[in-house]
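A lone chain, given as structure tokens: the form predicted alone.
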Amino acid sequence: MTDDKDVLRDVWFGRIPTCFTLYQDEITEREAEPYYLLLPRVSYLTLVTDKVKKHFQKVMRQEDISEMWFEYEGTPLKWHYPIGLLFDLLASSSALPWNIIVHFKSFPEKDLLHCPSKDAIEAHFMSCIKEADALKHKSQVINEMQKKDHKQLWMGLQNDRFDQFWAINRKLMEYPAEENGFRYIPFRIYQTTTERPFIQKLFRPVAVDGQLQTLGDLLREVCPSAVAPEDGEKKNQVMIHGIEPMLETPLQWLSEHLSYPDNFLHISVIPQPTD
């Protein structure tokens, strides 16, 4: 892969200042102070909120505590979506810190998966990596790795170790020199304006004529509503990791540098904020 290591570091160390507040109807023995945390964009809510849980449980009775879950402005937050994706999709136009409400009761079964343990997060994370490698390399790279390599990817994410993670992940970002890119690009496009969870299709990084396909090419083919017509006004923002990449950016470069640790490009299409 092309070596823009600074980009990889900037993506990995992206943080969102967040204020966690206990839901007003939770029963407490004394007032629950808000809890502030810098959330890593590339991680998962249930992986980095043990401190939040401990903080609020100090003011609650054991019998009033069941599985912790989070919401933002009435929307339950899916723990199996990366934190940066949740923020871009739901809160990118709001002021910081990101205000998240913490619940210990009334788990929204229809909206959220249960997260009984860190093992559930690891299983989800590894299944995404395997799916991404099936698209990129017909699963050859991930299948050739040893169990300890898989574990190192997970431990690197869990413990926020950039070098530990990328020592293995770089192998998942390589491709034969004669091919100019991966077989298909692992991506998911999310929109708040539709019931469909996300768009995911087979899309090659290199066109039949050998030209590199761009982010704009992808959007025009699979989500045309995201791109403004040439003579029309811009109605949407297309965000990855809190930035709007230029539509001319080659998809292969984006896949190598702006994918989340699960090896997917998580692309948010959100309505253009009206200032």
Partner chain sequence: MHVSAGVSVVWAVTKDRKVWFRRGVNSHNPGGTSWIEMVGEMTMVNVGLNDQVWGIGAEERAVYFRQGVTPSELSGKTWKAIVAGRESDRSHTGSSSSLLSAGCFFGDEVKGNSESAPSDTDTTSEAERSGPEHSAPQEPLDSSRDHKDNSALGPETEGTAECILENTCPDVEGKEAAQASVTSEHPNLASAPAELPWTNIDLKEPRKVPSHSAAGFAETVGLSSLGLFPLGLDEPFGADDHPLWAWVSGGGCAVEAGSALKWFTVQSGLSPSVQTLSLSISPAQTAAWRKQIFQQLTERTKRELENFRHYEQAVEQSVWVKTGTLQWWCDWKPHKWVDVRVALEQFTGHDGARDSILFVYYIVHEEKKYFHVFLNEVTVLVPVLNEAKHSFALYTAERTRQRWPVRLAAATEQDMNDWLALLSLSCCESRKIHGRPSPQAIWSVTCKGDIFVSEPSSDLEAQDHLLPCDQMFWRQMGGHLRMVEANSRGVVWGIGYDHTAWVYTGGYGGGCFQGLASSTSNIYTQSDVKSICIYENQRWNPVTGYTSRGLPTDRYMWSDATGLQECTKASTKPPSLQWTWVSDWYVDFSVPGGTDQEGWQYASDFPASYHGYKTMKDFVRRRCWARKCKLVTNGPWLEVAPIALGDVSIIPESPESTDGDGRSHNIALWAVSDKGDVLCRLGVSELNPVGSSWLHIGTDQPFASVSIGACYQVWAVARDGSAFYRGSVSPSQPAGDCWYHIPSPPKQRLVQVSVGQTSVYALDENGNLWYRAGVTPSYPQGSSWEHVSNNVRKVSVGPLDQVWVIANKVQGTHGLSRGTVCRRTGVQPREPKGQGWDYGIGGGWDHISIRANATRASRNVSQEQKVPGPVSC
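Residue numbers count along the first chain shown, from 1. Since the model is a prediction, treat every value here as computed from it, not as a measurement.
What follows is about the form predicted together with the partner chain, which we do not show.
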{"item": "Contact test in the predicted bound form: residue 16 vs the partner chain, heavy atoms, 4.5 Å", "value": "yes"}
{"item": "Any non-hydrogen atom of residue 131 within 4.5 angstroms of the partner chain in the predicted bound form", "value": "no"}
{"item": "Partner contact for residue 161 in the predicted bound form: the partner chain, 4.5 angstroms, heavy atom", "value": "yes"}
{"item": "is_contact(residue 227, the partner chain) in the predicted bound form, heavy atom dist at most 4.5 Å", "value": "no"}
{"item": "Residues 5, 38 and 51 all lining the partner chain in the predicted bound form, heavy atom within 4.5 Å", "value": "yes"}
{"item": "Per-stretch contact check against the partner chain in the predicted bound form, the hit in 195-203, 102-110, 137-145, 164-172 (non-hydrogen atom, 4.5 angstroms)", "value": "164-172"}
{"item": "The partner chain: the contacting residue among 30, 220, 61, 235 in the predicted bound form [heavy atom, 4.5 Å]", "value": "220"}
{"item": "Residues within 4.5 Å of the partner chain in the predicted bound form, restricted to 229-245 and counted by heavy atom", "value": "230, 241, 242, 243, 244, 245"}
